[in-house]
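Form predicted on its own, single chain, as structure tokens, below.
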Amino acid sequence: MGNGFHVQDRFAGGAQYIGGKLRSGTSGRHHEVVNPATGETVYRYELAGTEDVDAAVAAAAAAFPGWSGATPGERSDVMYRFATELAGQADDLAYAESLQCGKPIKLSTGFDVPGTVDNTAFFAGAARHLEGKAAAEYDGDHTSYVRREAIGVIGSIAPWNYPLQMAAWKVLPAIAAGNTIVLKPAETTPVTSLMFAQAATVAGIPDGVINIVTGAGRDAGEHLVGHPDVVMTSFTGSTAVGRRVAEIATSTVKRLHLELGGKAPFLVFDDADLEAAVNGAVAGSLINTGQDCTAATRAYVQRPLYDAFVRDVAALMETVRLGDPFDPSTDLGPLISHAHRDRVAAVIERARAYATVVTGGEAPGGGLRDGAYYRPTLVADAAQDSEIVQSEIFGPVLVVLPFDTDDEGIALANDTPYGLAASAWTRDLYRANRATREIKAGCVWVNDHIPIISEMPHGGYKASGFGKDMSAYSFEEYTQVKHVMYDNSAVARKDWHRTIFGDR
């Protein structure tokens, strides 16, 4: 991987990317990007203010007629070049993602970057395949068909846990459908979003189609959501912030797409392959240090397997290697910040009063003491209505509870406000089919937990939001469906006119 690059030098021009150029913010306030593995500042920049948001929206609005007027083939061609450009920058993108997030480099190189390149290539193809109802004479006298049209300037807000992939998930379906976009990344992790936008410019995507404003949520974010020239908001983040975004967006009658929190159940039936379930639980709960809204957080295990599952998960968690994110042998990096690490730790400390911490439950010392690290943690003996079972923790924590009947297991899996993802572990086809039907979540895996693919949608039920990222289904969010109808009769007075003219 080498030494990567110096972020301060690369983005000396500022953390705003408007109309194809880097520029400084105008808020008068500065922010620091901190490497959570060491506590060291890697980039200091001026935050965006409302003037920057206005400029970015204006750039997007100016670019919209040309970009939406391009043919699907023209948009597709330049997006394929975009995918190629991202692939050529894979090492730099992986380095920057690990630097600003603390991700193990094997996660950045094996998941974040290739997933983003694949998403880009997928939407390059999907740009040529917008779907609609076949043109036909549905009433005999008229020909009807459907147009899918770009809707305008999109204002999107992305989170800090997967900055590169979330930039892609927000930007790609929007621009593939002919829209232009202003993306606000999290102010803690803007680097790869800026690199993503720069790569688009190098690939030939016109200036103003993709704009980045890096500012605080309460000024830049809220101003973007409420901007009168923004026709749609797409937000990924916590349910609490999502409610605020919804308040602002609905007050201006905007389209709204929300991908919010999760508390994914991991349902293990008594006929499951125990070894597979144990490996899946550890990997599924610790992916990205548990900072994943689809991570396995609640394991429900049918009683005959419960004790062995707890024993084996604890033993496997204790083998997970914490360390330098740039060491290829590191399995688990730090949490995004010391403040977030302390919030996770506080949940575990409160849980000690009503549950059993089987393993973990502490920050490591030694050479990792300066980073925001926390050991993989397994908690048992908690009640279903307890904080650790019901609330999103967003850390390397798995809570495990037993169940007796299949009915009980599925009921427990559904017993939170969230519904983003879930998994069922069984060798029984009928059990698996029942679980996939009855668990209320946007994605239900069978005998696995976490994999995603560009061709399939991602989005939730209940308090996990609505609308879809990825896949052709995402075009439902980013296109306006228009019905066009032609008269075929060539007569002046139509049959239906009798409702006005009577027998005249």
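Here the structure is a predicted model, which means the values were calculated and not measured. When you see a residue number, it is the position in the sequence shown, counting from 1.
From this point on, the text means the form predicted together with nicotinamide-adenine-dinucleotide (NAD), which you will not see here.
- Checking 434, 255, 128, 244 for any heavy atom within 4.5 Å of nicotinamide-adenine-dinucleotide (NAD) in the predicted bound form turns up a single hit: 244.
- Checking 76, 161, 119, 302 against nicotinamide-adenine-dinucleotide (NAD) in the predicted bound form, a heavy atom within 4.5 Å turns up for just one residue: 161.
- Here the chain stands alone, but in the predicted bound form its contact with nicotinamide-adenine-dinucleotide (NAD), taken as any heavy atom within 4.5 Å, falls in 244 to 252 among 129 to 137, 244 to 252, 395 to 403, 191 to 199.
- Though the partner is left out of this view, residue 218 does reach within 4.5 Å of nicotinamide-adenine-dinucleotide (NAD) in the predicted bound form, counting heavy atoms only.
- Though the partner is left out of this view, residue 109 does not reach within 4.5 Å of nicotinamide-adenine-dinucleotide (NAD) in the predicted bound form, counting heavy atoms only.
- Though the partner is left out of this view, residue 468 does not reach within 4.5 Å of nicotinamide-adenine-dinucleotide (NAD) in the predicted bound form, counting heavy atoms only.
- Within this chain, residue 157 lines the site of nicotinamide-adenine-dinucleotide (NAD) in the predicted bound form, having a heavy atom no more than 4.5 Å away.
- Scanning 174 to 197 for heavy atoms within 4.5 Å of nicotinamide-adenine-dinucleotide (NAD) in the predicted bound form gives 184, 185, 186, 187 in sequence order.
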